[in-house]
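Just the one chain here, laid out as structure tokens, in the form predicted alone.
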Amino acid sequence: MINAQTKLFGLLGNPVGHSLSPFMQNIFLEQCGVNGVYLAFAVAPDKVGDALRGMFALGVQGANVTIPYKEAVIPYLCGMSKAAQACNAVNTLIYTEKGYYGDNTDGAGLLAALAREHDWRPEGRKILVVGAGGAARGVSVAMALQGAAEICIANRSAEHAAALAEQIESLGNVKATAVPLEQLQKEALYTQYHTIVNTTSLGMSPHVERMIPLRAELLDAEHLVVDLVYNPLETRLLRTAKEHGAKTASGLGMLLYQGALAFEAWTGKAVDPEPVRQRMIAQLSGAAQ
């Protein structure tokens, strides 16, 4: 029951109406016996600073940050974790006496999900990442730090792709390249990279007919296609990849595991996200009807 001791947690983004984070985090709170509630806040672009100052003044204990504010919140933070600094993007805000501390659990969450779902780890692999925004940085940095051999960034803006590739190479011991999005039509990419990660929002509900310009006929059982979009659960990209024999992973796993890492940072309580997976799938299925 909500009472005078109830702690508040939240999600900042725009839009947020599609998000499953409130559904998931409130289950975590209930399962761990934490007297708290998690809400979603749609914040206007010119109100990000006001939102963070207001949340801190009211004692909001933690929050997630989603599109398009993973970079915009940075000037208002009292500090950042090494992961957040490395990718210059924040998806988790942790309350401290000095202000909010920024972390990025996206990459770690995705790696935990892929290890659980496909026994997949980045060590020694060549990976193609589509997109160059905050999610792409989080994923690419985590994979680079965990031993990926090579990461190729494909993006509509060649400048943004090149900047991210340079940032990744600066971490050391990983080769990073950048190509324009049109290069996804080149057969050589599918021979060289057997892990393809879409970090863009193409295919997200309600625009479910969209997908990156993938040449699905070049996929086979050696390929793993990952889509960070989780609504719908099976995007057009994943459905097409599966039809051509590739292994697939939706963004639901990353959502679950990055959320569990954020929850632990806020509350000090570890949670196993797997028991929540089926409830999340049921929620998504209900939303689609």
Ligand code: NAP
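For every residue, the number given is its place in the sequence shown, counted from 1. Just so we're on the same page, rigid core means the largest C-alpha set that superposes within 1.5 Å between forms. Values in this document were obtained by computation on a predicted structure and should not be read as measured data.
Unshown form predicted in complex with this ligand; subsequent notes refer to it.
Within 4.5 Å of this ligand in the predicted complex, a heavy atom is found for not a single one of G10, G13 and G102. Only one of the listed residues (A216, A112, A72, M204) places a non-hydrogen atom within 4.5 angstroms of this ligand in the predicted complex, and that residue is M204. With the partner omitted from this view, the residue of A262, M55, L255, A241 that lies near this ligand in the predicted complex is L255 [heavy atom within 4.5 Å]. Comment: 195-203 is the region of 195-203, 166-174, 112-120, 92-100 lying near this ligand in the predicted complex, near meaning a non-hydrogen atom within 4.5 Å. Although the partner is absent here, Y230 lies within 4.5 Å of this ligand in the predicted complex, judged by heavy atoms. Taking the partner from the other structure, this ligand in the predicted complex has a heavy atom within 4.5 Å of a heavy atom of G251.
Contact check for R125: every heavy atom lies farther than 4.5 Å from this ligand in the predicted complex. The closest non-hydrogen atom of I67 lies within 4.5 Å of this ligand in the predicted complex. Taking this ligand as it sits in the predicted complex, the stretch 148-162 comes within 4.5 angstroms of it through a non-hydrogen atom at N155, R156, S157, H160. In this overlay on the rigid core, R279 has a C-alpha that sits less than 2 Å away from its partner position between this form and the one not shown.
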